[in-house]
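Here's a solo chain for you in structure tokens, the form predicted on its own.
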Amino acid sequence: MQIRIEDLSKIYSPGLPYETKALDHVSFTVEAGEFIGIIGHTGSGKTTLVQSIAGLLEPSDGRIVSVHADGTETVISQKGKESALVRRKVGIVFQYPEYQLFEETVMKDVCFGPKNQGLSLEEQKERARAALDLVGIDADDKGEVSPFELSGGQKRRVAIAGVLAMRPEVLILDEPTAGLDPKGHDDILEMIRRIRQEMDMSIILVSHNMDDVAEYADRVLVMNHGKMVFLGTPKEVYCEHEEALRAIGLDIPSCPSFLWQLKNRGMDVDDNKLEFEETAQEIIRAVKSRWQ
């Protein structure tokens, strides 16, 4: 399912003294199966944008359109039965989703979404088992355990499984690694990579971690004060707009940042590198060249 965001604006408290424009005429397209990373400083409009795409917020102007495989279109940003059905194909995982766990057991919690979709108990459990397996949780081992007895990382996996059990075509993740230790952080990202491969869904990732977005995203969208300022591949955004990103208070990934510092100190290096291996090779090349 393709999603088109067309001239989207969102104003909070319109007409009041504290009126705030959270989104300002944002337009872009999420292609079917694409992984888009959204970055921006706090208050840039990232969360308002993804909550609008998920149908949780009604735009002040513009619209959000889903384009189905057969070419038909549905405006999902407006009210109506058809729009509501399509919005169910967009799943969203909020920051600290483990705080939303509430059922007595892991299995019941993951079954909650499919239950609301009207599926039979057998279908609910089948969906839940598949989703738990996808996030690395053994349903036979943890299914009847209280989710509140799990570790922080396991709780987050269960919460994500609850969204996956509803079989969305688009998965939105708002800072999914927030508050996790380095291993938990890496495990969640690898899990997201596996989910994308096995479920062939579009993923929209909101993150403050520039290295994560550089490694996983097909394209990067940069927000600043409600406006979309850049959209392109990680290399296009991070390597061609370093100064502009720094000017709006954003870091760049570790590799180009390190190369950029070396270049400013007189070393003849190409700072358009994002991956660690190619960065190491570039430094080796530059050092050899310097001593020849």
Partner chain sequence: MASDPMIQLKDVRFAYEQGEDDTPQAAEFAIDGVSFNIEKGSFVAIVGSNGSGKSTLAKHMNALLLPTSGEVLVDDLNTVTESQTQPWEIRKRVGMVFQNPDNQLVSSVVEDDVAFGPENIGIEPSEIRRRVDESLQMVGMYEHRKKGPHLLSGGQKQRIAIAGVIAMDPECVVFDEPTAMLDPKGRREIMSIIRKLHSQGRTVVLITHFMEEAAEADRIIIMEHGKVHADGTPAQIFSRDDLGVLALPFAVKMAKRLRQSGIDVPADIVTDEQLADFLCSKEQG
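These numbers were taken from a predicted model, which means no experiment stands behind them. Residue numbers count along the first chain shown, from 1.
Note that the form predicted in complex with its partner chain isn't included here; everything after this is about it.
Novice: Looking at 262-270, 62-70, 24-32, 236-244, which stretch has residues with any non-hydrogen atom within 4.5 Å of its partner chain in the model of the complex?
Specialist: Single hit among the candidates: 262-270.
Novice: Work out which of Glu144, Asp181, Glu149, Glu190 lies within 4.5 Å of its partner chain in the model of the complex, going by heavy atoms.
Specialist: None of the other options qualify; the answer is Asp181.
Novice: Should the three residues Tyr96, His208 and Ile284 be counted as contacting its partner chain in the model of the complex, with contact defined as a heavy atom within 4.5 Å for each?
Specialist: So, yes: the whole triplet contacts its partner chain.
Novice: Is the gap between His225 and its partner chain in the model of the complex 4.5 Å or less for some heavy atom pair?
Specialist: No, His225 sits far enough from its partner chain in the model of the complex that none of its heavy atoms falls within 4.5 Å.
Novice: Indicate whether Glu277 is a 4.5 Å heavy atom neighbour of its partner chain in the model of the complex.
Specialist: Result yes; Glu277 sits at the interface with its partner chain in the model of the complex.
Novice: May I ask you to state whether Phe230 is within 4.5 Å of its partner chain in the model of the complex, using heavy atom distances?
Specialist: No, Phe230 is distant from the partner.
Novice: I'd like to know if Cys255 sits close to its partner chain in the model of the complex, meaning any non-hydrogen atom pair within 4.5 angstroms.
Specialist: The answer is yes: Cys255 has a heavy atom within 4.5 Å of its partner chain.
Novice: For the stretch 25-39, I need every residue with any heavy atom inside 4.5 Å of its partner chain in the model of the complex, listed N to C.
Specialist: Not one residue comes within 4.5 Å of the partner.
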